[in-house]
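Only one chain comes next, encoded as structure tokens, the form predicted alone.
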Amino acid sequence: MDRLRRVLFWVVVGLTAVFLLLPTLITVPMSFTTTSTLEFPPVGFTFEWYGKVIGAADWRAALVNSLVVALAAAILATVIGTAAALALHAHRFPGKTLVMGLLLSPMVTPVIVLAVGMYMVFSGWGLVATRLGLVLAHTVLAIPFVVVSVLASARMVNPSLAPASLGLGASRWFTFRRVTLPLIMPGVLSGAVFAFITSWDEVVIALFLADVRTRTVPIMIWNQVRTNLDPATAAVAAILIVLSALGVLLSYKIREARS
């Protein structure tokens, strides 16, 4: 009976994974078709559509915007989220639960609500249609992932190590840099990876805040789906899928290596 339960468990897991991943992965073979329309199964095999994406100035500009915004948002979210997570972990203060809820609220708030709110606020600050506006908006979305990841790592650290370092005469900055940070580094790096992926794949807020000069790859895909759906769109989607999968795998490997 135990063996039967295990077999049934893995069958259910496998079917669930196929159900979730198949609609996404099916775009990969479609990107190699030799026809000018999306169809499955694909006809022939060619890298023509990848060359078209790389050679198109608008796709290259969108790729640069996505990389710049995602990297900047990941860095900001990692710094702010790490500091917030360490403060929440190390101190008890009135309203701590409320602060934690506010930090994590972007994870549960509908993205369209955040997009409308950010547009109204950023338009008054002159940040609409700017890279800075996108970076700040994506930072807000990414901070919760860093906070959760760093908190998980901080809770596994021996709480007596930092006081011992301070008691031996080390400064707070030295203690953080040489004791605390190396111990929580798996959580910091994992949070940074997820922050990057969050910004890299985000489209709803970008639709509200970006213009032609600052549009990102997800916006380009959205526009292509609405106007001219061809295998080049599938090629870009395949690239996004591969990069996102590599990011998740990197995060897993970081935690595995540090554990």
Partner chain sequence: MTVSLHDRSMPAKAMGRFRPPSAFWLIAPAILFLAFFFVFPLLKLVAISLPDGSAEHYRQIFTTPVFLRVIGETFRVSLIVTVVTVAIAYPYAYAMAHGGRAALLVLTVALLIPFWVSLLLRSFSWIVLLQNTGLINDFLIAAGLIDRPIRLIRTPLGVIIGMVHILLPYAVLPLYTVMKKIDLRLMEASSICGASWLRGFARVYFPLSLPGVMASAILAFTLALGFYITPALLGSPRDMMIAQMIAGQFNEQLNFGLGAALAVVLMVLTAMAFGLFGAARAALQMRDRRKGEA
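These numbers come from a predicted model, not from an experiment. Numbering follows the first chain given and starts at 1.
There is another form of the same protein, the form predicted in complex with its partner chain; it is not shown, and what comes next is about it.
Interface residue among 129, 183, 152, 80 relative to its partner chain in the predicted bound form, by the heavy atom within 4.5 Å criterion: 80.
Judged against its partner chain in the predicted bound form with a 4.5 angstroms heavy atom cut-off, the residues 19, 38 and 114 are in contact without exception. Residue contact with its partner chain in the predicted bound form: residue 208 places a heavy atom within 4.5 Å of it. Residue contact check for residue 225: one or more of its heavy atoms lie within 4.5 Å of its partner chain in the predicted bound form. Interface residue remark: residue 233 is counted as part of the site for its partner chain in the predicted bound form, having a heavy atom within 4.5 Å. Using a 4.5 angstroms threshold between heavy atoms, residue 118 counts as touching its partner chain in the predicted bound form. Contacts with its partner chain in the predicted bound form, taken as any heavy atom within 4.5 Å, map within 178-215 to 194, 197, 201, 203, 204, 207, 208.
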